[in-house]
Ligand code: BES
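For reference, the chain that follows is the form predicted on its own, supplied as structure tokens.
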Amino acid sequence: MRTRLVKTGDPLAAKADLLVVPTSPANPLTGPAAALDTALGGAVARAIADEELGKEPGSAVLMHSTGGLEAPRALVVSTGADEPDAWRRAGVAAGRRASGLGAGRVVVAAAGASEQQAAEIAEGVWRGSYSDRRFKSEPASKRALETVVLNGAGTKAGLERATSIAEAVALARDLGNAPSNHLTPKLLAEQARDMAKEIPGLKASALGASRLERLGAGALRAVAQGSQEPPRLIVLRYEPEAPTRPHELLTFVGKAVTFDTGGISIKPSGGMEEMKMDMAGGAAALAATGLVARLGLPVRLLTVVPATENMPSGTAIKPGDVITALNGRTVEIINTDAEGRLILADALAYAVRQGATRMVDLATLTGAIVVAIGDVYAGLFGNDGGWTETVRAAGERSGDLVWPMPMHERYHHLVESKVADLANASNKRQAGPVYAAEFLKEFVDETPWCHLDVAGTAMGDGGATGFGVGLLLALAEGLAEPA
């Protein structure tokens, strides 16, 4: 990825495959948009009058040059209202169009944009231009995308940060989109080790089956026992030289079921190929950890990613089995397709043992959260009001939106078992995301913790979105500030 900042220049004379002209619905014909309208004989004004250009962020109209500008095409894109991620969304729309056109050089006419807006639209262009062609027989275009932010108020450091975020999101998407025969738990652990080798201060390890047995991680091992692929508990640690808050150990936990058939409680076949993305939470946690370390944030960080497949076989766990989790709690298996909470249980308990002071987990945990709130917000659950609000606010700043959901002791009966300490599912068809979170709460002790159910936001249109990377970075940046 390459992003450059050019402080001066005429956008109409910019050499580009695509000229991107952001405009605000409040003042649509000002600055570069006005200049473009003049050059194209009033075409922008007509598009606005005909309501071809909407007011929501990312609404866009493609226009062809009639000799009034150097670029063959211009994309007028709305930045919408003054929302935290409006410019990023405008950039995503521009990036998607640039990718579809095969554009190699994109110039963003950002006169009047603040430093944050310039960085956001540049980041958005990279996010929108993402394309995964690793498994296509036809080679991808050799033209590397270059984004030039023209006349923006940004800084080189700001654009470099935006590029780093976009690269981390792309990594999370690559991991989520990888077929399960190309990304087993073992290979995911190798990815984490390779990333740690490249980044100062970051260390990685992976606990295999024998170590997990000695630890007593019976929940993760139970889910894995139906597969020929052995599980891994991936652990990343980032220790900066001078952390702002030495007593704090921020902890990310991400579910990584590299393929989920549902086990004995097997899923319907329709759409099952998308279950390679049931590790999207773990992918976001790993990518965000690398991002925090690359940016050198002065915050201590622990990341724990339980990785396994969930397969049906003669050795798979069965409904009615009772297993013992890492913290000693026994769990009756009601539904083997409620496996994510099992592997997270061991990961959360392990993180507590390692001294986590604040935790957030991400998991494509329940289909019910998609029914409840769709694909705009992830479900946010927490055991500490202050920490929950901190996570919610980080979502607002980053554009990874999360919506607070209820937790209450009166839901606890849904995770009670007659034969064990807990049940991993309930036969009552109610409050599925809530009782899943209630189950997880049993493994965090008194540590401030939040659970993000990202089933609706981490997978979209058959592909991984990278949701959560920006939110986790925003959390780390907040803890990097003095208390």
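Start at 1 with the first residue shown and count on from there. Predicted, not measured: the structure shown is a model, and the values here were computed from it.
Keep in mind the form predicted together with the named molecule is missing from the figure; the text below concerns it.
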| property | result |
| --- | --- |
| Site test, Arg221, Ile234 and Arg353 vs the named molecule in the predicted complex, non-hydrogen atom cutoff 4.5 Å | no |
| Partner proximity in the predicted complex: Ala464 to the named molecule, non-hydrogen atom cutoff 4.5 Å | no |
| Residue contact check: Leu18 to the named molecule in the predicted complex, 4.5 Å heavy atom | no |
| The named molecule contact in the predicted complex: Arg161, any heavy atom under 4.5 Å | no |
| Contact test in the predicted complex: Lys267 vs the named molecule, heavy atoms, 4.5 Å | yes |
| Partner-proximal stretch of 106 to 114, 164 to 172, 394 to 402, 337 to 345 relative to the named molecule in the predicted complex, 4.5 angstroms, heavy atom | 337 to 345 |
| In the predicted complex, the residue from Val305, Ala378, Ile121, Leu365 that sits within 4.5 Å of the named molecule by heavy atoms | Leu365 |
| One residue of Met275, Met407, Ala209, Ala206 in contact with the named molecule, assessed in the predicted complex (non-hydrogen atom, 4.5 angstroms) | Met275 |
| Heavy atom within 4.5 Å of the named molecule in the predicted complex - qualifying residues of 446 to 483 | Ala455, Met459 |
